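Below, in structure tokens: the form predicted alone, a single chain.
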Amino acid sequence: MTLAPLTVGIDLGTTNSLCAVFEDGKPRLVPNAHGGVLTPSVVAVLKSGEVLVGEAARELRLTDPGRTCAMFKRWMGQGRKIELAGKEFTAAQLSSLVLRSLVEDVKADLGRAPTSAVITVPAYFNEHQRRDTRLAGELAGLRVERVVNEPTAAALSHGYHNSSGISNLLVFDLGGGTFDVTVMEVFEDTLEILSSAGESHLGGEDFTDKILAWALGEIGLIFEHAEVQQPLLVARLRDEAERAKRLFGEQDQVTLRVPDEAGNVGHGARSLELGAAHFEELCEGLIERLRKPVERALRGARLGWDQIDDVLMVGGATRMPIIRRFVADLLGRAPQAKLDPDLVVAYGAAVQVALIADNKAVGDLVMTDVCPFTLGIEVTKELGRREVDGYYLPIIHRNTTVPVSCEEVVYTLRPNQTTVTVAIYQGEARRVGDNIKLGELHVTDIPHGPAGQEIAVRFTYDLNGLVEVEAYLPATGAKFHTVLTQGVSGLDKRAMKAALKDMQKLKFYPRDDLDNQRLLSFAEGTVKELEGEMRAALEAGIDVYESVLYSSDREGFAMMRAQLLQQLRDLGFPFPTTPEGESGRD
């Protein structure tokens, strides 16, 4: 008997990683070789060349830190080379070793290896970071069916897709190295993401580092230099700092044992006392960094705290009392903690696997998502008498519900300019130098003429993460396009072609409709028949109509067109029937 291909859900974490399968109508975590479900995201290379992953690698980190590496999820998408025992690795390669370990655990548990996976990522991961996550899966021999945002997976695991009421939820996801805030609305069988915000370099490890830096200062060492100068001492003291951080959930005062330069803690070792109040003082800056993404997510969702029905706490770092109090103060009551915050994302990844397979156990759930980052192009601005390039023109704004298609019109800078390179970026900064470049689109054969030739640039974004960028020359009707595939997973050539075909349905070109252009010409002709206030009022109406003629907003265009038609009727100049004998659409 041939078994069906096996797909698993994976939470590829900064500190720990987990794997889950969906069986017998519910998700189940897969145990590792040690019998637990949390596999430390740590990789080590022995002198023999053997690679260790997980608990064994974490233990080696204390005695031979030069052969081990952790926290590499933070370096995804940066192209950084990490030297480990004389060999160079990328973050994607190290992550693939963790994924291979999880694959072996599944094989040991089920008797067969998975062929594909759903892998979760922080909602605020950019396209390069998501690309590296998919690459890690492929290097581990897995077909990555989908990359799912961690807060979305968390909401799935909490079972909110079965809610019969309407509620606004905020997912507060503080993992070992990343922080996400996602606001969503849940009603019946629909989960609609309203906004996302976060930091990809803020997590529980930063709170550990605060304790470590304090302890090093107490013994006369500087945090920035100690790891190089005395690596064994720092490795052991970091372990002490992590233990102390976890103990603050049970006691108000903790003791840290200070190791010697060899990393040993003897009976006569010096000890340091740290109180909970002092720990909170050390972390004041981190708490403020948490506050900003929360406020940004609420602004993006256009909601206040009084409109949030509950907060879902996700990630092991949310166990810290300092974090619980911070969220409770914002919400006005204790946040929700139905499931283990370390496990909730992996459970949700397995639920997503079931949704992809149309498993009846998960029902008919409809999910919407948003663009976590703004997509746009580089433009030149005229400032005073100078032309300054390097500015950013957003085309699809962050937190726009996808799929979506949006357009902006730009203009040539020089007389007889025949080519333009459209540089495509992702990010929120005003200048493109502070954003991430995704690609370019070359526009050629622009007809000779004065500066100011129009170029309509359209971005179309779908649920697969596919971004099509199109440039249109109204003067000639020529179109140029490119497809950005950094955000795409699980699409072969046939599926890609089908996705691009579906994207055409999202596009809306009111300027190309002859009847719309005919209405503009009729209204401009009518201006000649009017004078005074009536002429000024009609000109204002035409200006608004002409501006939306190049928009991609169906509802907005329909409204403005209807207003212009009504304005003409009120003036006694109704728009006549079309040449084909049909009445103007109003």
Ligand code: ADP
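Sequential numbering from 1, following the sequence displayed. Nothing here was measured: the structure is a model prediction, and the numbers come from that model.
Here the subject shifts to the form predicted in complex with this ligand, a form of this protein not shown in this document.
For the candidate spot formed by Gly177, Glu205 and Arg319, every residue has a non-hydrogen atom within 4.5 angstroms of this ligand in the predicted bound form.
With the partner removed from view, the residue among Arg246, Lys107, Arg100, His201 that has a non-hydrogen atom within 4.5 Å of this ligand in the predicted bound form turns out to be Arg246. Only one of Glu242, Glu280, Asp189, Glu440 lies close to this ligand in the predicted bound form, with a heavy atom inside 4.5 Å, and it is Glu242.
Segments offered: 399 to 407, 211 to 219, 168 to 176, 420 to 428. Contacting this ligand in the predicted bound form at heavy atom distances within 4.5 Å is 168 to 176. Proximity of Gly348 to this ligand in the predicted bound form: non-hydrogen atoms within 4.5 Å are absent; the residue sits far from the partner.
Of the heavy atoms in Glu127, none are within 4.5 Å of this ligand in the predicted bound form.
Interface residue remark: Gly315 is counted as part of the site for this ligand in the predicted bound form, having a heavy atom within 4.5 Å. In the predicted bound form, at least one heavy atom of Thr14 sits within 4.5 Å of a heavy atom of this ligand.
Heavy atoms closer than or equal to 4.5 Å to this ligand in the predicted bound form belong, across 334 to 348, to one residue only: Asp342.
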